[in-house]
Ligand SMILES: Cc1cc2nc3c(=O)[nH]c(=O)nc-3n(C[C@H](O)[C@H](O)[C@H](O)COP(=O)(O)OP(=O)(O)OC[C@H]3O[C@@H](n4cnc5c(N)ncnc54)[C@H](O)[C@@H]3O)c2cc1C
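To begin, one chain is listed below as structure tokens, in the form predicted alone.
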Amino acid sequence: MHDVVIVGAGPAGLTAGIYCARGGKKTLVLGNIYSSQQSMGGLYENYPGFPDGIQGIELSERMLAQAQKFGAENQTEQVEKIVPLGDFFRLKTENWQYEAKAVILAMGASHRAIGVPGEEELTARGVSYCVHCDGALFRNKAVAVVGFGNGAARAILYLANIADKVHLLSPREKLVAEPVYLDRIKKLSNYSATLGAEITEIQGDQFVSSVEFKVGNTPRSLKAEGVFVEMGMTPNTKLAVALGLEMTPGGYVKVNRLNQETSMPGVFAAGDLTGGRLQAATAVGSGASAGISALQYLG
């Protein structure tokens, strides 16, 4: 029996782990830090305390080390089911089960798929949702970034140093991102963009060969060997929904923003799972709040 089990090893979950373990509670963090959005996010230039920036993987490793310093455990198992049993919870993984007096949900969010023919079939064969994981595979090749926002901007800038040509296909009429990213993109010589593009299919035999799309009613095709999807995020709420937690109209876990309480006593939630600004810094803040609330709940 643990005092608190934290589901998720991103910035919210790891911060909650630091607070709970430092508060003297037997704490377990379930999740793989290397699969978190933070670890796959590349260089963070806006995280406080690192004026030269810090790689997301290093930031995750430091957070985990800090939690472990205070006694938190970490297992990379994925939770498949949470069962409330009166005054405690049972968390089942594929190979084991754990029990806890309080649970903090911090499963984060995943990249949203485009939802077109060929996307699923060619995933890991040219279609990728992690530019920092797979970008190096496309050195001196032509690639497409499909999406919008800061995610697309960061992907463009990263790939421009690797690929021969980077082409943005965006459903939006304008790339809206932080000014610092837009200024850097303007200086690229191997970048082009098509705005207002509706992707219809990703083609390829064994590997991606082209992206089919249309602008207005005009069908077009772009030859590319890699497609990096940056269509925003969708929260990982499967466990929360199965647990019967109240959700927001937008599909996030509903919490009291003052203390990160959910609709079920003893269950707290933090990070991207709860919506709001999907930033590492805000995830850390909500993780700290959830950790403090769990300590108060446990007494």
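Quick note: we count residues from 1 along the sequence shown, nothing fancier. Keep in mind it's a predicted model, so treat the numbers as computed, not measured.
The protein also exists as the form predicted together with this ligand; that form is not presented, and the subsequent description refers to it.
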Just give me the single entry in 160, 153, 222, 79 that has a non-hydrogen atom within 4.5 angstroms of this ligand in the model of the complex. 79
Pick from 263, 55, 35, 68: which has a non-hydrogen atom within 4.5 Å of this ligand in the model of the complex? 35
Which is the contacting stretch out of 105 to 113, 161 to 169, 211 to 219, 197 to 205, given heavy atoms within 4.5 Å of this ligand in the model of the complex? 105 to 113
Distance check, residue 278 to this ligand in the model of the complex, heavy atom within 4.5 Å: yes
Just to confirm, residue 290 within 4.5 Å of this ligand in the model of the complex by heavy atoms? no
At 4.5 Å between heavy atoms, is residue 40 in contact with this ligand in the model of the complex? yes
Although this ligand is absent from this view, report whether residue 231 comes within 4.5 Å of it in the model of the complex, heavy atoms only. no
At a 4.5 angstroms cut-off on non-hydrogen atoms, which residues of 1 to 20 are near this ligand in the model of the complex? List them in order. 7, 8, 9, 10, 11, 12, 13
